[in-house]
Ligand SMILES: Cc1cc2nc3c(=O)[nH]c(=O)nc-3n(C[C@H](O)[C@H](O)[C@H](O)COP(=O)(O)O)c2cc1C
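In structure tokens, the next block holds one chain alone, the form predicted alone.
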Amino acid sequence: MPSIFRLDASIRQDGSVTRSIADSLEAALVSADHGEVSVTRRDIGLSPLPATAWANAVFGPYAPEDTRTPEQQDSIALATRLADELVEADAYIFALPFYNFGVSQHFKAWVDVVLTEPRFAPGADVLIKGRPAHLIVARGGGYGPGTPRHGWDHGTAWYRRVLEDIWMLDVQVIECELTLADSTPAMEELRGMAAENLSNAHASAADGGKRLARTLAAKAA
């Protein structure tokens, strides 16, 4: 049975755009008539990794095993679990919000811990190379050409750098902008465009889920 790894980084449960779009993709994938799939979830937005996990995972392996602190042991074990979740999956869904013009701190911490694991260390063979992945990004405002904040998106390129260039995944990107229009009076005139953007993102996610189901079924055949 194909396995999907889904990572959510939104700090919101209700009203999260990245979660809702990822739900659309997952629903289309699971309901597709191409066989069953299993989904492993990790929610680093609502259940963040410990703030000290990265440092302990970095320095713990340099200490003799019998002298490692309990915190170092826990962090090394956590890095192993995170790496296992990636290696054991056949495809991936990354639902990542855009916060304060940059990356989610929770996703950055997760990546940092994963990179301490020997299987994902610099120079190691890329065990997940070529596997399909969907990157879902939501931005509250508009950052495209011609907008006042064009060039202020300092997050999406980094997300892609990690997933595409470091881990060499086959990434499909689904982006949704203007997600704060409904709750921001100054963006009232953009609400129609925001609704269209959201609708298009959900449609892209549903299509992506169906395509991914076909891809996984073909590989399993």
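Don't overthink the numbering: it's just position in the shown sequence, from 1. Computed from a predicted model, the values in this text were never measured in an experiment.
Here the subject shifts to the form predicted together with the ligand, a form of this protein not shown in this document.
Though the ligand is not shown, can you say which of 190, 32, 58, 180 has a heavy atom within 4.5 Å of it in the predicted bound form?
For this set of options, the contacting one is 180.
Since the partner isn't included here, can you check whether the ligand sits close to all of 3, 172 and 209 in the predicted bound form (heavy atom within 4.5 Å for each)?
Not a single residue of the candidate spot has a heavy atom within 4.5 Å of the ligand in the predicted bound form.
Is it the case that residue 17, even though its partner is missing from this view, gets within 4.5 Å of the ligand in the predicted bound form, heavy atoms only?
Close contact exists here: in the predicted bound form, residue 17 approaches the ligand to within 4.5 Å, heavy atoms only.
Considering only heavy atoms, tell me if residue 132 and the ligand come within 4.5 Å of each other in the predicted bound form.
No - in the predicted bound form, heavy atoms of residue 132 and the ligand never come within 4.5 Å of each other.
Is there a heavy atom of residue 120 lying 4.5 Å or less from a heavy atom of the ligand in the predicted bound form?
Close contact is absent here: in the predicted bound form, residue 120 is far from the ligand, nothing within 4.5 Å, heavy atoms only.
Although the partner isn't part of this model, could you tell me whether residue 92 comes within 4.5 Å of the ligand in the predicted bound form, counting any heavy atom of the residue?
No - in the predicted bound form, heavy atoms of residue 92 and the ligand never come within 4.5 Å of each other.
Using a 4.5 Å heavy atom cut-off, indicate which stretch of 138 to 146, 77 to 85, 124 to 132, 105 to 113 touches the ligand in the predicted bound form.
Of the options, only 138 to 146 has residues within 4.5 Å of the partner.
Heavy atoms within 4.5 Å of the ligand in the predicted bound form is the criterion; list the residues of 2 to 16 that meet it.
Sequence-ordered list: 10, 11, 12, 15, 16.
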